[in-house]
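Shown next as C-alpha cells: one chain only, the form predicted alone.
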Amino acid sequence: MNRDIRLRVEGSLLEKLIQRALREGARFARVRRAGPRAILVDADERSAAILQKLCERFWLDCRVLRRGGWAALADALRRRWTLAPGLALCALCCALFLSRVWLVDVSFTGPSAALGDERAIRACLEENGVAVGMPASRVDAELLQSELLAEAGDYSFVGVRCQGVRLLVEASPEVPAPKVYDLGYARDLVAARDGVVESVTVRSGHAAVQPGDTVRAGQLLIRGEEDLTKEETTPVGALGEVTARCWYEGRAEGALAETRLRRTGAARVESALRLLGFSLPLQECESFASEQVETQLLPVGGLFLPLEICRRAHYETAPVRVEADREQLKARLISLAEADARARLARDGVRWELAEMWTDAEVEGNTLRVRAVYEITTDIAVTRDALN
C-alpha cells in the first residue's frame, strides 16, 4: 500500500471516523496521533477521497499535508509548466557550450622545455584557423600536429588533443646538439679562477694537477698531449673536468654613528604679500646660523586675483651625534654583502653548488664592515681562449 497522501484530521470521535472509513472500503498505510484531537493519516488516492468525504459530512477539519506519487508530479508540472522548456533550453545551451573550444593551452615538456616559444606556436595556431569559440568538430588534431612541426620551430614532438572545452598543445623542443671538439686541435685546459682541486676527470690529455692542489687563475690543469711511445707525444685537444672549491666574497659597510641636524626649539617667522612678481614684506626676521626653513603659501584673492601671503618659518638646528643600532645595522649589512656575493656569482655565469656560506664583521673607527663568503664547488677547466 502506498503513502501518496498525508492527511491531518482534527475533531472528536476520530476512532469512529477511521472505523467508518474502513467499512466503506478505505485502506490506510499508517494512522497516528498528532495531539489530543488530531490524527495523521497516510493513504492512497482512493482512501484519502473516502476520508475527506466523511470529514465533510460530519463537519470535521481535514487538511492535506503532503501529496506524492505520479499525480503529485503531474500537478507540480502543471503548476510549473515553464520548468520543462527551461530545462530543455539549459541542456541545449550546455550542449552548444561543450561542443566548442574555449581554452587554448600550450605547454612544453622535456629537459629543454625552457627553449619553447609559446608565441610562435600560438601564431601558427591562428594561421591554421584555431580560435577561442570555434567548434570542436573542426579541430583536426593530426593536421595541426603536422603544421606545428613544420612551421612553429625546432620541436622533436608536438601533440594536439581536445579535452572537453580545452585544446591542449604539448611540445617538446629539440635538445641542442652537444659541442663537437676537434681532438686533433692541440690545446690545454687552464683554471678559470683560484681554488682548491677536489676531483680531476680527464677524457683526453694528461692531468697536470691532482685533488688537494691549490691552483691560481690561468694555471695549467690538463695538458693537451698524449703519449705515442715512452719518448714521443702528440698534441691533442684536452678534454675533461676539474672540480674545485672556490670562494666568492661580498662586502658592505656602514657608519656606526652619524651627525644629524635637529631642531633646538627656537623659531622665527617672516611673511610677505605677493602679487605676480611683486612682493611687499609684512614681517621680517633674522636667519639662524644653522636652520631649516618651511614655506607656506596662503591665497588671499581666491580664484580671481593671484594675491597670496608667503609665510616662511625658520627653525634653529644644531648638530647631534646619533648612534646606530648595531644589531639592525649588522643585519642590514649582512643582507647587502650576501646580495653582493650572489651578484658576483651571477656575473661570472658559472654552474655551481653551494658548499658553505659564512659571514664575519669588523669595526674600524666609526665603520662597521661585513664580509659574506660563498664557498662553492664548480668546474674550473676552460681553454685559454675562453679565459682571455
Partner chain sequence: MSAPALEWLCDLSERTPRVTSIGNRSLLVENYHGIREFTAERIALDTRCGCVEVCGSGLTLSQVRRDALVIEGSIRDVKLPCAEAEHES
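Note that the rigid core is defined as the largest set of C-alphas that superpose within 1.5 Å between two forms. Residue numbers count along the first chain shown, from 1. Just so you know, these numbers come straight off a predicted model, no measurement behind them.
Only in words, not in the display: the form predicted together with the partner chain, which the text now covers.
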| Is Leu22 close enough to the partner chain in the predicted bound form to count, meaning some heavy atom within 4.5 Å? | yes
| query | According to a 4.5 angstroms non-hydrogen atom cut-off, is Lys330 in contact with the partner chain in the predicted bound form? | reply | no
| said: Can you tell me whether Arg27 touches the partner chain? I mean in the predicted bound form, with a 4.5 angstroms heavy atom cut-off. | reply: yes
| Glu364 near the partner chain in the predicted bound form, any heavy atom under 4.5 Å? | no
| said: Just to confirm, with a 4.5 Å cut-off on non-hydrogen atoms, which of Arg351, Arg63, Arg46, Arg33 contacts the partner chain in the predicted bound form? | reply: Arg33
| task | Sort through Ile376, Ile18, Leu368, Val9 and report the residue having a heavy atom within 4.5 Å of the partner chain in the predicted bound form. | result | Ile18
| Which of 355-363, 334-342, 320-328, 33-41 sits within 4.5 Å of the partner chain in the predicted bound form, heavy atom basis | 33-41
| note | Contact check, 306-336 vs the partner chain in the predicted bound form, heavy atom within 4.5 Å, ordered by sequence, gives none
| query | On a core-based superposition, does Pro36 travel 2 Å or more at its Cα between this form and the one not shown? | reply | yes
| Has the Cα of Ile376 moved 2 Å or more between this form and the one not shown, judged after a core fit? | no
